[in-house]
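Just one chain follows, in the form predicted on its own, and it is written as structure tokens.
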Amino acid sequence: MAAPCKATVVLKAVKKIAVQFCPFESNTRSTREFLALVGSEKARATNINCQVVSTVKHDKSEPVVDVTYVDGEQLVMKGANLTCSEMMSAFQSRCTNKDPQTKAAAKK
């Protein structure tokens, strides 16, 4: 059993995060952990205009995270075969590339 991923979440470059999953499926753990991280008060405080929407379905559908960035680009992650840390890594790398302040801080 893997430990939940711990990461600092910054939502500055994100417009909307839509998470959907069936809670009765066994492959939704990483998606639920990702939702808990991006839906936390600390993460939401980094961008109060970011919408975090969760849709709980009961149709045995695979877990999906759909991220829409401020520039219109989308990142769709199918969480059935991804760990929470893999999802956070992909998410944070795109956020870092889109946020000019984060790029400047990384160069120093």
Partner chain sequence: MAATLFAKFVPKHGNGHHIYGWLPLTQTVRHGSKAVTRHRKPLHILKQKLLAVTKYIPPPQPFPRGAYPSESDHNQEDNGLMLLQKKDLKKIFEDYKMIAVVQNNCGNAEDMVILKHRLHKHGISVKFFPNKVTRPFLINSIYCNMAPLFIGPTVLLVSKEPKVKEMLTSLRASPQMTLLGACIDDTLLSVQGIVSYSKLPAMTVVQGELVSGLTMLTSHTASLLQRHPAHLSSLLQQYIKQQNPNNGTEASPTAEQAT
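These numbers come from a predicted model, not from an experiment. Numbering follows the first chain given and starts at 1.
Beyond the structure shown, there is the form predicted together with the partner chain, which is absent from this document and is the topic of what follows.
Every residue in the set Gly39, Arg44 and Val56 has a non-hydrogen atom no more than 4.5 Å from the partner chain in the model of the complex. In the model of the complex, Phe21 approaches the partner chain with a heavy atom inside 4.5 Å.
When contacts are judged by a 4.5 Å heavy atom cut-off, Leu35 counts as touching the partner chain in the model of the complex.
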